[in-house]
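Just the one chain here, laid out as structure tokens, in the form predicted on its own.
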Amino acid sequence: MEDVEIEVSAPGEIEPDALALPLTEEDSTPRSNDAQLGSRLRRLADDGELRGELGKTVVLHTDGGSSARRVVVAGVGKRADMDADAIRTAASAVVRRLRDVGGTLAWLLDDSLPLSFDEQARAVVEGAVLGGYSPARWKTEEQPSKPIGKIVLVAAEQNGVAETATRAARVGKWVNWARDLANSPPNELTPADLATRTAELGAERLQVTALEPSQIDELGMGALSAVGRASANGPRLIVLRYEPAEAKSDLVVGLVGKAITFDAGGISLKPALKMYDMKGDMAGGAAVIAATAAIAELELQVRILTVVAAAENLVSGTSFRPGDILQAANGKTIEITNTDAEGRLVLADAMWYARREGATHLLDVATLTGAMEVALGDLYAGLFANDDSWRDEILAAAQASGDHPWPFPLHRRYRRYVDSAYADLKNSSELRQGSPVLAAEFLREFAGEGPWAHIDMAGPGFLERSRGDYYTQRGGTGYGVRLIVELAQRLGA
């Protein structure tokens, strides 16, 4: 992985391959510091060729009439609707338009927009880095697009812009790394392969270990063990530790990720249609791994303990069965009523391990329930928490990051829906009601003492189609990486 180079420049001091000028729907022409260029843009506007609709682009070849070889007018939508996502979407559209050119992209930060230069800079870089991603790395004959290797942010006032933009580029790199993991075919990414790829991140700032099946059994992790036992590729518990030199407090953030590297549903077999997308059922695990690596690279001052439960949920003579009763690592017994409700099982043991190893605050991230995708589609994840302050910390970080969650309720009366006549609880309900909430109530039984939050990102974690914004590719999105890094930045400030 290579970082995109970031530079901040005053107007008129650069000669980029392309200069992007944002245009709102209310304006006829974009702002420009070049009189000759401004005149040409006004002629295009008079001819009706410039439009500020979000995601629209018009390319003008300057033929030596400007320091930039090309000018791209980038529609950013209505001024009243302007937010960071609009800038991300516009930047993504520009990068896609320039995919055959690549090189250096300059972007004029506009002080007339209702976003600060810092907010614009961050959004431009994120939109460009994430919008330029391609999942087609396994194609053998496709001509690769030319990447944007350098982004120059053009601004008269430059205080803090370079630092913000550089950080955004680094985090965006790790978002795309998580997308690569989620898009990897299951024959290339088994639980052991995921552990190996994670171990490759281990450097002076990260400690990475992986528990093998025998060690998982020794710790009494009956839930994780049962989910993974039908596969010849046994489960792994992947653990990352980040200990900064000068942590700001005794707080230890426990990040827990679901990493079902392929989910056939077990004996409660999934329908064949689109089962191939179940390679993405490890997107939560990919996100917490990538976020931890980004936090370490940025040297943020907060302790991180990341635990990823990795397994394949397949069918064989050793599959766990509906009717089985498992014992999780915290001692609680679980009646299995649906083997396709396996994510909460592996998370149960992983959360216990994170608490045992010292996590004071837990956040688990998982592609957990299809019902959450039905409820919120592909833009928002559901957020559940047992602590209002912890929930609000996460929501504030999410609002700044671009990874969107929506808070959902927990209530003790929901617990009765996962009561079992035979065991301490069951892993699913036969009632078609409140599935995401019931999954969260199940997880709460294993969250231990202290603040805990759960993000169900089944919708935005792995896309079936373009989302119509800066995520235009199907597959993994890296949802959660930006949110977690923003959260760590705030906690370590």
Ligand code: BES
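Computed from a prediction, not measured in an experiment: that's the story for all the values here. Residue numbers run from 1 along the displayed sequence.
Omitted here: the form predicted together with the ligand. The next part is about that form.
Only one of 326, 208, 371, 155 lies close to the ligand in the predicted complex, with a heavy atom inside 4.5 Å, and it is 371.
Comment: the ligand is not present in this chain, but in the predicted complex one of 126, 312, 281, 403 has a heavy atom within 4.5 Å of it, namely 281. In plain terms, the part of the chain that comes close to the ligand in the predicted complex, with a heavy atom within 4.5 Å, is 363-371 out of 221-229, 168-176, 381-389, 363-371. Mapping the unseen interface onto this chain, residue 338 counts among the residues with a heavy atom inside 4.5 Å of the ligand in the predicted complex. Among heavy atoms of residue 447, none comes within 4.5 Å of the ligand in the predicted complex. The closest heavy atom approach of residue 96 to the ligand in the predicted complex falls outside 4.5 Å. The shortest heavy atom separation between residue 349 and the ligand in the predicted complex exceeds 4.5 Å. Applying a 4.5 Å heavy atom cutoff to the ligand in the predicted complex picks out 263, 270 from 261-276, in order along the sequence.
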